[in-house]
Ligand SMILES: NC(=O)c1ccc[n+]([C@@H]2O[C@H](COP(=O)([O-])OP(=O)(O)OC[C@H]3O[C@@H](n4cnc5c(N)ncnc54)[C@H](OP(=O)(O)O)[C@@H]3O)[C@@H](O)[C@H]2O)c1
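Single chain ahead, by itself, as structure tokens, in the form predicted on its own.
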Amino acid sequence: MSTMSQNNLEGQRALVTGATSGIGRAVAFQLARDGAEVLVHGRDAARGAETVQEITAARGKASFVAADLGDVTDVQRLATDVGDVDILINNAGIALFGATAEFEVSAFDKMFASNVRAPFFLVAAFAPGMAARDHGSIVSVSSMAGGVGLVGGAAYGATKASLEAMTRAWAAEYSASGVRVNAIAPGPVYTPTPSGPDFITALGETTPMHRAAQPEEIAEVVSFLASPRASYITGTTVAADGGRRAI
């Protein structure tokens, strides 16, 4: 990993949920490159320590915070432990696919708890402080599944559509106080998945660009949305999906 370069997020604290792998990890690295102090959230302390070590070895600033976002009490405890942040990246989530008629209630509830309830209460915890300080940025990681019908993806897509709806409502609620709220909807991305890389490659072929993305490509967009470079952007969902939503 290249040496960090301090940039336009110097002096800001950023909490990135689900930051020990995949998109979240790439986002943590990118925000650190841009000068932010990054709070790396995850459940696996070993992976968290590894992520923090790589960031600090490249002269970035990072620390690990643990929480189970499926447990609302732990979400509230995380918010208390972390304190004020300038940037919140709601990245952590669960992707479970299955036929509607066979989808288990426990899987449905688990996914909504992680993908919808946790971001809601993290915003509830952090946005008022941002508003009181007249600045802040919230970026939530949605999915093309929030706007594209996928076989077996009714429940998962519903969580992401909910996240995008909350993003618009939060923008209306907090933007007048200097808090920008946006979402990004990635398409297929090469991240660890039970389906394996061949599945991601095949899904990438369905996009106009005929390829899947690397996590770093998504992280660049997230970092832009979180930064002053996006100073007049709020309430929107940016599709970073190789054009998949366009067809």
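Sequential numbering from 1, following the sequence displayed. Quick caveat, the model's predicted, so the values are computed rather than measured.
Heads up, the form predicted together with this ligand isn't pictured, but that's what we're talking about next.
- For this ligand in the predicted complex, the listed stretch (125-133, 173-181, 99-107, 86-94) containing residues with heavy atoms inside 4.5 Å is 86-94.
- Taking the partner from the other structure, this ligand in the predicted complex has a heavy atom within 4.5 Å of a heavy atom of V141.
- This ligand is not shown here, but in the predicted complex it comes within 4.5 Å of a heavy atom of L69.
- Taking non-hydrogen atoms only, R47 approaches this ligand to within 4.5 angstroms in the predicted complex.
- Although the partner is absent here, S21 sits close enough that one of its heavy atoms falls within 4.5 Å of this ligand in the predicted complex.
- Contact check at 4.5 Å (heavy atoms) against this ligand in the predicted complex: all three of R43, T193 and I200 pass.
- Counting a residue when any of its non-hydrogen atoms is within 4.5 Å of this ligand in the predicted complex, the hits in 152-168 run Y156, K160.
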